[in-house]
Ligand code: DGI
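As structure tokens, one chain now follows by itself in the form predicted alone.
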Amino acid sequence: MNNEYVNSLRKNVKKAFKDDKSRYHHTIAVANTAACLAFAHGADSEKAFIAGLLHDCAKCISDEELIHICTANNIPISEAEYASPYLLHAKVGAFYAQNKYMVEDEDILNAITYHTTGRPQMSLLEEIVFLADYIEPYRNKANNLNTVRSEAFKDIKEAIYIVTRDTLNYLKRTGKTIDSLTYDTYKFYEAETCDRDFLIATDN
């Protein structure tokens, strides 16, 4: 790992969150968890750590400013994002990663962009950051966390299926906006896990 580069990113992120220590602690926890998941699944741990470190780099921005940044830079805004502008922190975070922190790796930028909603056919790095944000050690409120944490290191697609299923159930129960990408992600990983189970059953 390029320690000098990573340490400079860490310092910049810490400075950005100087007024929100809990967000900084979450960020470091996601970066560490992402690196651990990368080790477990044979992915690039440096890319995972960087994506985790920058995944919330636009989290401290107001809803109004998020919309303004997207509008000014031709970043598309969905109906769900207009209804819940905080979702835009992921897209703006990728924009900041590229333009403020000089990240050029498309896989890292995509991992930041989709860390909240997910998307069908995520790359392994995207899957890792999506799950790391959900299971990092400071998280303690979501359902089935112990199961998801265990599955994340054994069967990453099964873990994503559980997370998206539980997320949709929570959003429906609380009447909150559901981004279509989250639903599409759920359906994709539901099919992935069902198809795999079918193949295992027929092989036996």
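What you see is a predicted model, and the numbers here were worked out from it, not measured in a lab. Note that residue numbering begins at 1 and tracks the sequence as displayed.
The discussion below concerns the form predicted in complex with the named molecule, not included here.
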item	value
Answer option from I178, C60, L145, I67, heavy atom within 4.5 Å of the named molecule in the predicted bound form	I178
Full three-residue contact with the named molecule in the predicted bound form, heavy atom 4.5 Å, for E127, K157 and Y161	no
Contact flag, Y86 vs the named molecule in the predicted bound form, heavy atom cut 4.5 Å	yes
Partner contact for K47 in the predicted bound form: the named molecule, 4.5 angstroms, heavy atom	no
Heavy atom of Y170 within 4.5 Å of the named molecule in the predicted bound form	yes
Non-hydrogen atom contact R165 with the named molecule in the predicted bound form at 4.5 angstroms	no
In the predicted bound form: members of 129-154 within 4.5 Å of the named molecule, any heavy atom	D133, R139
